[in-house]
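Just the one chain here, the form predicted on its own, laid out as structure tokens.
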Amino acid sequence: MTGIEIYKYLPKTNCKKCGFPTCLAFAMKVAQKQAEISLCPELSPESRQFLEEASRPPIKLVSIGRDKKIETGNETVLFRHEKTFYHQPGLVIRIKDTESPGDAARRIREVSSYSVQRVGLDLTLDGFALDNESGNPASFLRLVETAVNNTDMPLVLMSPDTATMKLALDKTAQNRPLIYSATRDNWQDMAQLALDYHCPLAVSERESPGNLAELTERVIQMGVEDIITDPGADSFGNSVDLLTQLRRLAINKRCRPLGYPSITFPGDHASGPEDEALLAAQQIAKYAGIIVLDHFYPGIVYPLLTLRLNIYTDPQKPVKVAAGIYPINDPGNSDPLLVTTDFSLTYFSVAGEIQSCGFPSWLLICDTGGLSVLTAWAAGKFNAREIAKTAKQFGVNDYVNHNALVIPGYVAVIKGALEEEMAGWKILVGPREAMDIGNYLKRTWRENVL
């Protein structure tokens, strides 16, 4: 539906309770799949039901957890370049109740505290899958208690026994875990637990997408709305075929029973951690909603987090840092001053090289709208006038006393114009590549300024 069509069903009071200034603005956001119709508290029940069904994205948004959340789904396209992907897949670590409570607690704390920085963002894992592998209710409940006491991250509760699942939900339902899973043998009992405890439910049917759709439809008819599907994606070929087929059926054919995010277990059939990581990487790209990993090694997890970031960053919105002047390695007023753009990858490449070489420096960042050096220069956003304006705006003379500025080698052509714009300043042409900055500072800077 278009924004205007949605607007016809809204109360038109402009009450702002939805978080938008007008009903029309809210309708436009709903049409663009950037807001849920449930945000409007003034809708009549009839209008709400109609609009929720009509405006629901082909893949439903499902949330797991309470304070910290995994939000997956709400996707509208098959390919990132068509529009964008909205919700990155959750990466969770499986902990089995066959581990000792001490080992489980140690792993949970280690994973919970894991964080790395990439282009100014903190990359972390998203939660834990607690597996009742032993089949023993007491062992599973000990694991659940251990998790609750050591982390506030979202949980996936894995047990085929509904009685055991109920005991686990008594301890964790307030945190809204994912119940895994409803099968053809227990779907009624599991669906009832999902309704009683207001938790999302995984539906597992690995025989065929048709059977999965049939089982999911039964669960929907019982009243369960938040569903994660498990189609049994267990190998490279099988995974890409199944998950792509589900995505196409949901988006192109509007098959409602399959319009839900999927959960995968790449470690189930992997020969080792490396094989698991490769399959997980494929599933990040196509098209898992939650990926359960059996192994936690920072050297493997970091590339997966980076891949996920790259795929689920909106290509139309460059990641950028704030304009300003940044101290690196505790510089003084006689240390170098360099300038570059606010594109995050550029900033962190340059800052990282300066930091690693150990040379104290100031780094001036120009607001170019998140463009790289050459792109910003070609667009007229990183030229002599803009650099001089930024230098004045942030008062570079308050930081350095040598009136020397290093520009990127790729824009050496602006040297003369910048010397005119910044009268009395010595403009130095730095290296083209960030990797050469260390040698430049240690040699050329000392020769030309010190």
Partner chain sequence: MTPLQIPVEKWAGKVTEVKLGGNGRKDITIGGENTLPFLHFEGTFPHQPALAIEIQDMEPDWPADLLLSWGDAVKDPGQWARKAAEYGADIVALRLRSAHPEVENSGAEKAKRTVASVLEAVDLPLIVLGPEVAEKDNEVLLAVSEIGRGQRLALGNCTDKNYRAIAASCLANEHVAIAKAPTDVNLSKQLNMLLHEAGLPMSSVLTDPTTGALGYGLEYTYSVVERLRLSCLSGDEMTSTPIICTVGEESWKQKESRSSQDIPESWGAQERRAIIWESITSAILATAGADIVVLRHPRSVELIKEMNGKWLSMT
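Numbering follows the first chain given and starts at 1. The structure presented is a predicted model; accordingly, all values stated were derived computationally and were not measured. For the two forms, the rigid core is made up of the largest set of C-alpha atoms that agree within 1.5 Å on superposition.
Omitted here: the form predicted in complex with its partner chain. The next part is about that form.
A heavy atom within 4.5 Å of its partner chain in the predicted bound form is found for exactly one of Glu205, Glu353, Glu71, Asp226: Glu353. The partner is absent here, but in the predicted bound form a heavy atom of Val319, alone among Ala191, Cys366, Leu363, Val319, sits within 4.5 Å of its partner chain. For a residue to qualify, one of its non-hydrogen atoms must sit within 4.5 Å of its partner chain in the predicted bound form; none of Val62, Ser139 and Thr264 qualifies. When its partner chain is considered in the predicted bound form, Phe343 lines it closely, a heavy atom lying within 4.5 Å. Using a 4.5 Å cutoff between non-hydrogen atoms, Arg109 does not count as a contact of its partner chain in the predicted bound form. In the predicted bound form, its partner chain lies within 4.5 Å of some heavy atom of Gln245. Within this chain, Phe348 lines the site of its partner chain in the predicted bound form, having a heavy atom no more than 4.5 Å away.
Listed stretches are 159-167, 195-203, 92-100, 297-305; the contact stretch with its partner chain in the predicted bound form is 297-305, by a heavy atom cutoff of 4.5 Å.
Interface residues of 280-296, taken as those with a heavy atom within 4.5 Å of its partner chain in the predicted bound form (partner not displayed): Ala281, Gln282, Ala285, Lys286, in sequence order. Taking the rigid core as fixed, one finds a CA shift for Glu353 of 2 Å or more between this form and the one not shown. Core-superposed comparison between this form and the one not shown: the C-alpha position of Asn136 differs by less than 2 Å. Once both forms are fitted on their rigid core, the CA atom of Tyr302 lies less than 2 Å apart between this form and the one not shown. In comparison with the shown form, the Cα-Cα distance of Pro318 and Thr124 increases by at least 3 angstroms in the predicted bound form. Relative to what is shown, Leu123 and Glu433 are farther apart in the predicted bound form; their C-alpha atoms differ in spacing by at least 3 Å.
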